[in-house]
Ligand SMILES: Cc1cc2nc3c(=O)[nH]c(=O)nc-3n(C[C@H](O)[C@H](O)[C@H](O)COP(=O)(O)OP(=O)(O)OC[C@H]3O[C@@H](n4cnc5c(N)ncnc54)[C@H](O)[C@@H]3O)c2cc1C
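For reference, the chain that follows is the form predicted on its own, supplied as structure tokens.
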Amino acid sequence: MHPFSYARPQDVKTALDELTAEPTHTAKFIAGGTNLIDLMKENVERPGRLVDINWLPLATITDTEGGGLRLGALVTNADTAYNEQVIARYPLLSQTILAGASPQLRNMATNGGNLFQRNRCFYFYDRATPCNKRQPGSGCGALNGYNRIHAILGTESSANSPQCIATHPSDMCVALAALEAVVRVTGPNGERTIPMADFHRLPGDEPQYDNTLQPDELVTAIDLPAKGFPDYHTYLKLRDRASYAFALVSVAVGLELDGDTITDARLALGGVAHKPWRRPEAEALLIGKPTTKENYSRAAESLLEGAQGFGHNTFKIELAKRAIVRALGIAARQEPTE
């Protein structure tokens, strides 16, 4: 294990100071540690200092003035999924969290930490292989390797040659994208908010960066807007085994219906890109339309526009289209959940 120092601040300002004071600028925040510790064991992450934020006052779920709900960054995934207000007002989020990981992991993992899960690309974890995300400029082992779990959307770079085809692994973030949640952060210049659509980024020419958070900032909470789609929703996760597996393709759906007419729609995909994948144009194709498979298929075609397979993962394109149609039918209560 690479040696590192350790700090346990009691407030946000001290935590930020502890992060930026580390002389090699390799300090990392740690809370549940369910991903970071694994990466340290594999020598993929080698922080010079760990700033343990578990004692910060960020572990509550409270109402917001706008009628939404504020999820503290340090509330565990399990406590969020089983919170009465989350279940009643945002059942899509509760369902999605419970589709991810194992009960033991959900008891440790935090809401803030869930945003920072690194991708599960084999080549990212294997230091003997090239990886532009782990070592920029070294190449991408997955492009011509075994890429069954990899991305089919958003992989283009400015040179028209993908530099990274890894996928974002979080289930929770797919629901947060569909719900249009907002991430609250604090840094040396004060507080700011980042819409979920802008928090994670595509690899482009800088695949080493997963998100748009500045290196001296801390996530303090996630705000859910008032609209939670409690009546018509679903999270469909397709994976290689029934539990404790990352999604090959997942679909988060929130609908509002007037009879059999769709009056509002949200669609987000997981397991297909470097970030949760949304395309408002696809959702617009559903609004004002009847709940038919033909309309679902048009939205699916739009959402998968530009999808590209790399051999082993080409099957995901058709799988995602079929999953979208099925998920919309489940959300509209036209199909069974199993």
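Numbering starts at 1 and follows the sequence shown. Computed from a predicted structure; not experimentally measured.
We do not show the form predicted together with the ligand, though everything after this point is about it.
Work out which of the listed stretches, 79-87, 264-272, 101-109, 226-234, brings a heavy atom within 4.5 angstroms of the ligand in the predicted complex.
It is the stretch 101-109.
Whether residue 257 contacts the ligand in the predicted complex should be assessed with a 4.5 Å heavy atom distance threshold; does it?
Contact with the ligand, no.
Since only the chain is shown here, I'm wondering whether residue 30 would be in contact with the ligand in the predicted complex (any heavy atom pair within 4.5 Å).
Residue 30 belongs to the contact set for the ligand.
Does the ligand come within 4.5 Å of any heavy atom of residue 248 in the predicted complex?
Looking in the predicted complex, residue contacts with the ligand do not include residue 248, since no heavy atom lies within 4.5 Å.
Even though the ligand is not shown here, does residue 301 get within 4.5 Å of it in the predicted complex, heavy atoms only?
No, no contact at 4.5 Å.
Consider the chain as shown here, without its partner, and state which of 153, 73, 238, 196 has a heavy atom within 4.5 Å of the ligand in the predicted complex.
Contact residue from the list: 73.
Among 287, 291 and 323, does every residue place a heavy atom within 4.5 Å of the ligand in the predicted complex?
Looking in the predicted complex, the three residues 287, 291 and 323 all stay beyond 4.5 Å of the ligand (heavy atoms).
Do any residues of 116-155 have a non-hydrogen atom within 4.5 angstroms of the ligand in the predicted complex? If so, which ones, in sequence order?
116, 117, 120 sit within 4.5 Å of the partner.
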